[in-house]
Ligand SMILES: Cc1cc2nc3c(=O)[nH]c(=O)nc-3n(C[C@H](O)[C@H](O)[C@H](O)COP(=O)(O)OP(=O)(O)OC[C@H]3O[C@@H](n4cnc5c(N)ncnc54)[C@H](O)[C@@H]3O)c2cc1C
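Shown below, as structure tokens, is a lone chain in the form predicted alone; questions about how it binds or moves come after it.
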Amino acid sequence: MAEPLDVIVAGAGIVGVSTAIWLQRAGHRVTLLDRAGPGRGTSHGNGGVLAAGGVVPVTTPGLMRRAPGMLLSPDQPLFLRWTYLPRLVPFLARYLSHATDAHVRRYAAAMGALLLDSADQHAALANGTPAERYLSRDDYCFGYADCAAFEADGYAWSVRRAAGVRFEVEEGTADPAFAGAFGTVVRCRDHGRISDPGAYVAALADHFVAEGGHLALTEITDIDVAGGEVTALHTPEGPLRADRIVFALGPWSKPIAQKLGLRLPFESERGYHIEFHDPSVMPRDPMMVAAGKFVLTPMEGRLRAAGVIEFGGLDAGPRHAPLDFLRRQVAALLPGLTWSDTTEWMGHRPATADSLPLIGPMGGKGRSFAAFGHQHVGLTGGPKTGRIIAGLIGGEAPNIDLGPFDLRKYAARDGTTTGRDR
């Protein structure tokens, strides 16, 4: 193996924790940083599905035509804080420019290489750890009102098929939880489920610490830059330095990249969930409700309804409209559902304009690395992303083409940086 290095991983969501564990297993000395604690952000609130077939971006052909009507309807899963629109316009223009068939095909090919073996990647990561109990291999189902609704979504399924996603189309569903709700169900194979995503990531972090890793709860307030590389992190406790630094800060990664002279078209895509505790109905498998673009996932003692896209930035709090939308959708689908309590959550998905995550070196010397921007598939792609980054730090060539994920495509043309050079 390569000479052991001191490595800092900034961010303790699923991507950061996975990276820390794979680096630790390779023999490196690893410090994991997070301001709130492992699995407390988006990695807590996601839909809990290992979406190996998540190879179709939101930006499909026709989105620009459909988006205004979706934004103006309270019964569509797209929301916008209108006061945020002036700040959003430059990103939105680039985001919508990718709603082409050519980009969808490029995206699907790149993401297929990252996601299709996600269940195996999670199994390898969690094997022998306390987190293993939360992981299961389940089908991922998509429910349509009827065959016509499924056929109207044929473009997305043709993209998935071409990317290697295995699925079967069924008439109705045998799951009594959804009796009579769907005329057509698509059952995706080779997927998986995490029964409590936050607890899963926390258990992985506990394993990392038990194996000798260091977890520090602190905030990064600034960085030092020299020669186009991050050389130190500033925290309230003082500066931190290491041989290599990995940034897995999700939607909070943009300021770091900007100080390296990288002009990222990057936004927070806000997502919501509602959990129904002790539900009277529990589905067998995760179900994507195609009409509402949200997923119902069985959790440990809870049923989670998760989804919705809202553009509104990082600073504003949650809004009632997306949560009301989820409640109406669940009530229409499961009219007899009862529960003992509910919890509500809003979090931030890191979204690039082309929807592709950013994975690999941030500078030319390979001292700092990016592992962020996974949008809707951070849980799914976290373990493999971490494995790739650990391999790069150890001098190993990745087994997939990282070209689509290379954030240096956003480097300023004049090569300047805006960080504090020291």
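Don't overthink the numbering: it's just position in the shown sequence, from 1. Just so we're clear, the structure is a prediction, and the values are computed from it rather than from any experiment.
Another form exists, predicted in complex with the named molecule; not displayed. Remarks below refer to it.
Of the candidates M287, V230, L249, V246, L249 is the one whose heavy atoms come within 4.5 Å of the named molecule in the predicted complex; the others do not. Comment: the named molecule is not present in this chain, but in the predicted complex one of A257, V104, L303, I220 has a heavy atom within 4.5 Å of it, namely I220. Shown alone, this chain has one stretch from 372 to 380, 24 to 32, 388 to 396, 61 to 69 that lies within 4.5 Å of the named molecule in the predicted complex by heavy atoms: 372 to 380. Proximity of G143 to the named molecule in the predicted complex falls outside the 4.5 Å heavy atom cutoff. Heavy atoms of Y272 reach within 4.5 Å of the named molecule in the predicted complex, making it an interface residue. When contacts are judged by a 4.5 Å heavy atom cut-off, G307 counts as touching the named molecule in the predicted complex. Using a 4.5 angstroms limit between non-hydrogen atoms, G366 is distant from the named molecule in the predicted complex. Looking at 9 to 34, the residues that come within 4.5 Å of the named molecule in the predicted complex, counting any heavy atom, are G11, A12, G13, I14, V15, G16, L33, D34.
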